[in-house]
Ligand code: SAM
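One chain comes next, on its own, written as structure tokens: the form predicted on its own.
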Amino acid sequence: MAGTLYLVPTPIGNLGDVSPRIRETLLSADFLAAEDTRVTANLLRHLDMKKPLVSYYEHNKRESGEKILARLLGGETCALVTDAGTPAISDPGEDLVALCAQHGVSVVAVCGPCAAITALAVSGLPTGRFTFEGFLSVNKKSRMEHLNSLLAEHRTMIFYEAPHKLQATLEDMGKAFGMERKISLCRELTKLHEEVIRTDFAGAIAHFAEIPPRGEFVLIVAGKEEKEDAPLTLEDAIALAQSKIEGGMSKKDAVKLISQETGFPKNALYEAVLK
């Protein structure tokens, strides 16, 4: 019987966020697959436990993933962990989960820390609907194509960004979305120096021009405002009727249809289209 792959979140800053279930799952797993075995070893020392570790990260995920799958198919249990946060979210663990799904291996997610959701919750921006966009490409053309694809996005958007790329990313976002668009920049979440800066792109760019950014950032960007349609005028209704007539509809039928759709009186519309 095949074993189980457990997706085990690790603290994004505060080690107190290790829940009893996270501790229990790590302890009961036959082995751990870690993004950086040195980081995970430090966490295990903090938890006063020792577990066999294997490396699983972006550049070895294909080879290592096959080896992990073989052990799972052999009946072992594996806890997949990242350096911080939830595995498989903007993370190569996504591929391992897909591999397990293809081979009928059970995958169980343990609830725990996630930087994206933590930042969204404290952002002060709408949380009812959102889209997670992860890291933008380092390639300028690809980055702008990504941002341009989001110009009509009304949902709140979540991005991850490294400090050394932050200023360039803010400038590109400001160009795409407008410098007045609201943004919350969240850093050092759950740590002693946690900071949430609620501003717009112009303010963010000015702020970090003066203060060099430090720490990993989660950027929460407001979606495009949904503006109410302006009330339809008589001139608008006349233009609609005329377009129907130009499309081959009779004046009588066009006026009747537009009158029904807009509420404007047929007489006023008919007189206007006869001119």
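Note that residue numbering follows the sequence shown and begins at 1. In this text, all values refer to a predicted model and were calculated from it rather than measured experimentally.
The form predicted together with the named molecule exists for this protein as well; it is not shown, and the discussion that follows is about that form.
Only one of 140 to 148, 176 to 184, 158 to 166, 120 to 128 places residue heavy atoms within 4.5 angstroms of the named molecule in the predicted bound form, namely 158 to 166. For the options C114, V110, V107, L136, the one in contact with the named molecule in the predicted bound form, meaning a heavy atom within 4.5 Å, is C114.
In terms of contact with the named molecule in the predicted bound form, the residue from V218, V221, A34, A241 that brings a heavy atom within 4.5 Å is V218.
Using a 4.5 Å cutoff between non-hydrogen atoms, S90 counts as a contact of the named molecule in the predicted bound form. By the criterion of a heavy atom within 4.5 Å, V255 is excluded from the residues contacting the named molecule in the predicted bound form. Residue contact check for C78: none of its heavy atoms lie within 4.5 Å of the named molecule in the predicted bound form. In the predicted bound form, none of the heavy atoms of L170 sits within 4.5 Å of a heavy atom of the named molecule. Heavy atoms closer than or equal to 4.5 Å to the named molecule in the predicted bound form belong, across 174 to 191, to the residues C186, R187, E188, L189, K191, ordered by sequence position.
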